[in-house]
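We begin with a single chain expressed as structure tokens, specifically the form predicted on its own.
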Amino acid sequence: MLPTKECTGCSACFHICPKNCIAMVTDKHGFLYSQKNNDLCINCGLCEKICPVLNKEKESDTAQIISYAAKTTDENTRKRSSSGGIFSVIAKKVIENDGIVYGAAFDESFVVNHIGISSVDKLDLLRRSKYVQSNLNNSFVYVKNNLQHGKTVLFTGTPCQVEGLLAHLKKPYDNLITIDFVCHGVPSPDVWEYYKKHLEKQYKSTITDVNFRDKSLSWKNFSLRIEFKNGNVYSNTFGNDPYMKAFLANMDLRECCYSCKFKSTKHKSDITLADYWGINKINPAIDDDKGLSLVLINTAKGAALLTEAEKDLTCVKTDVEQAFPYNPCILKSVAKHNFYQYFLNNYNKGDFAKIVDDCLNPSYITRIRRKFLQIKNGDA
């Protein structure tokens, strides 16, 4: 099976095993990994044949794709979305045609899981970014069952989750639509859990709402906004909030994210979405700082979807080459932070914000501690 450091947790191997000898187990940082019971294994090799990482074909970085700058014409939907609201427009059409939409949602404890919805009034559950890795649970099984019963299904997720689903299905379905996004990397669920408890203790109340991408100030200067049962509100810009600083500094991502196999200009999804960072320099005339999506069309199905949705969008064709410098995660993985291991070993041992700042601005003592840690782990 795939080495742990390369595993994305997509669960394709878990679902394919004919002897149920593979389990998805959680490590100490909350990431799910596949674990095989060798006593039950019959060495059929299906887990390796289906693994999207082991079977990843290198896509050409010069692959020709069509790209757009786009936003929904519904200002309320755009306000409630992380960028331009394109997902909402497509998802709404799928649901109105008796389809089902799968994506990442918070549960009542603000743990992130993939769920399916079939009513427009639940779309808000799937809107907005969740900066923590979602648990796919049995969503692949439900998607396949819906497809086999003739339902139109829209599945959204990270590129590795989409490829995991496609591997699980083993054949194309005309009634399947897939949308992925340009991924920075997925943060540790356990770090998020600790930070939630840290804030609940500080505000002496339970969390009732989380918005990682609140655009009240602006799209480019978004905030993490958290509401509490007692009426208190925490709001801090991404450059000042400790959790977001750790995420954007690459301190708490899944190990495979630092050498992601799914970086390319050509994804297997029908459409790839991203924030159109840099649009203020590329084409300032269409930038109002309220959110704009970079839309990459990967398939004929994706092109047809965008054409169908165009009456509800403002769409401008763009040169994706111009977007690369401002959106580097399209093509390359982020670099692991120098204090990555130190942070993961210490984030839950006191003042979260101080640990983050110590890693970003390390003192002499912190650097010495890190050196000892490297020696202990054999990394020096």
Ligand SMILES: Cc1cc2nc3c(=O)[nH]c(=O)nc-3n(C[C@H](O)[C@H](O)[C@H](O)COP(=O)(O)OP(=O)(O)OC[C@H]3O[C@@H](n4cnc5c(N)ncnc54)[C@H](O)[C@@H]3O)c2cc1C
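Everything numeric here is computed off the predicted structure, so don't read it as measured data. Note that residue numbering begins at 1 and tracks the sequence as displayed.
Omitted here: the form predicted in complex with the named molecule. The next part is about that form.
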Whether S129, S134 and V186 all lie within 4.5 angstroms of the named molecule in the model of the complex by heavy atom = yes
Consider S269 of the chain shown here, and say whether it contacts the named molecule in the model of the complex, taking contact as heavy atoms within 4.5 Å.
-> no
Would A246 sit within 4.5 Å of the named molecule in the model of the complex, counting heavy atoms only?
-> no
Answer for V191 alone: is it within 4.5 Å of the named molecule in the model of the complex, judged on heavy atom distances?
-> no
Look up in the model of the complex whether T156 has a non-hydrogen atom within 4.5 angstroms of the named molecule, and give yes or no.
-> yes
Which of 199-207, 231-239, 278-286, 74-82 lines the interface with the named molecule in the model of the complex (heavy atom within 4.5 Å) = 74-82
Residue within 4.5 Å of the named molecule in the model of the complex by heavy atom, from I177, C256, A274, I100, is A274
Select from the listed residues C329, A353, I65, I50 the one whose heavy atoms reach within 4.5 Å of the named molecule in the model of the complex.
-> C329
Residues in 291-308 that come within 4.5 Å of the named molecule in the model of the complex by at least one heavy atom, in order, are S293
